[in-house]
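Quick setup: one chain, the form predicted alone, written in structure tokens, and binding and motion questions come after.
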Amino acid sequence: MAGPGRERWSSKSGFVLAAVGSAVGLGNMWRFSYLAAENGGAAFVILYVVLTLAVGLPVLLAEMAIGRGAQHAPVRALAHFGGDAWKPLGMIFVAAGFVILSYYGVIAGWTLRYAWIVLSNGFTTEIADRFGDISEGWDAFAFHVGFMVVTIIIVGHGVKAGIERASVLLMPLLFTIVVGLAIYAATLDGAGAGYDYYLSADFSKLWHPQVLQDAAGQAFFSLSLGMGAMLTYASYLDRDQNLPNESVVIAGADVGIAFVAGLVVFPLIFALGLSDKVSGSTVGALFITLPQAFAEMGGVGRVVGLLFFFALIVGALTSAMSLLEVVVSSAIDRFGWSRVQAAWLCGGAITVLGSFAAFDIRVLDVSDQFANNILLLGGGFALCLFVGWAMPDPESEVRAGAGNVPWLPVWRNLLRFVVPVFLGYVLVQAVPDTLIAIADLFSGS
């Protein structure tokens, strides 16, 4: 077990808000709704909810049980329950957090840049022509560095004074902004067409392997699974915490924010006649089409756009804090560094790695594919095998603080038989395309 000096969350609500903050990020604010619109609308929403409950929630609870039980970051936590043979899985989690934050910080830097544009000059209808300059080059690198510095400072202040304090302040603000924007969007003429595009059900698309891959990847990325974030956050919990209840709250809040965000973006786009400009990429729609919509709205668009991009910044920051904490906590476990030292050294190294994505958006795209399709899904697959077959009595670990939970045998059987089979199938579909994309990047094609 960890020593008596290990940090703790100051309250249960503080942990839940921080964990929800880890789950709610840029993926919720746009990627989910875009994937839903492109992959069957309401049918995709149903598929995503089913996968979140049947695949995401079991893995989430597994991560939390390991972290709280071991009181360590991923590498030592897995060794605590399974011996040194399982340390490589913990290293995969740390590597996932490291890689994801490196390019996630670049995208978050774009949100900072757009918020600055709104504050200084407001959006113009030519914003689409500027995306190339905003997304790559020295400006992209500078805003990436600025975002990472803020993240490092918060994590350097610790679990209670840094991460929890920021989450308690920022998450209620994020919820308020998103719900307020959804209410406003509902008042716009033409909003109904946006709802139809977002939520019209086409169940025929659900049988396509790419749709299953998108839904599974979204569930894992959005819930911060397969990267050790929830495991690390749970390592700061006391054993009286009810993990099953809190895992349901975290997953529910994550799905809810993602769904409501779609009720914001599509009514805005369709009400302003920009539906033909919803591009074939999530990045293009978020950073090109929506700013054009805000520009078309005039003065009101300046306010709405600022609120929207502020919400993006908040979601990005709370997710980035959890990603950096995985790496920082692991460094403290391994090297005995102080928290401030670990935050700056690890955060600095991640910032340097992210510079490649800041200067070449192709690196960002391939890094995203590699992290989502191999590290997260592969890590989740291995975690299921660990908790399902190798970890001694995980059900007892979950029951601590929760009492009698009659569905825990179902949970473990899902981890043993159902979830790894599904994730294995998705991996088989995803890995070849990912390797081709990596090869194309290095070949320059």
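No experiment lies behind these values; they were computed from the predicted model shown. Just count from 1 along the sequence shown to find any residue number.
Another form exists, predicted in complex with a small molecule; not displayed. Remarks below refer to it.
Exactly one of the stretches 242-250, 156-164, 320-328, 289-297 approaches the small molecule in the model of the complex with heavy atoms within 4.5 Å, and it is 320-328. At a distance of at most 4.5 angstroms from the small molecule in the model of the complex, all three residues Ala23, Tyr104 and Phe221 contribute at least one non-hydrogen atom. For the candidate set Ala343, Ala229, Ile269, Ala357, a heavy atom within 4.5 Å of the small molecule in the model of the complex is found for exactly one residue, namely Ala229. Using a 4.5 angstroms threshold between heavy atoms, Ser33 stays clear of the small molecule in the model of the complex. Contact check for Gly379: every heavy atom lies farther than 4.5 Å from the small molecule in the model of the complex. Contact between Gly27 and the small molecule in the model of the complex is found at the 4.5 Å heavy atom cutoff.
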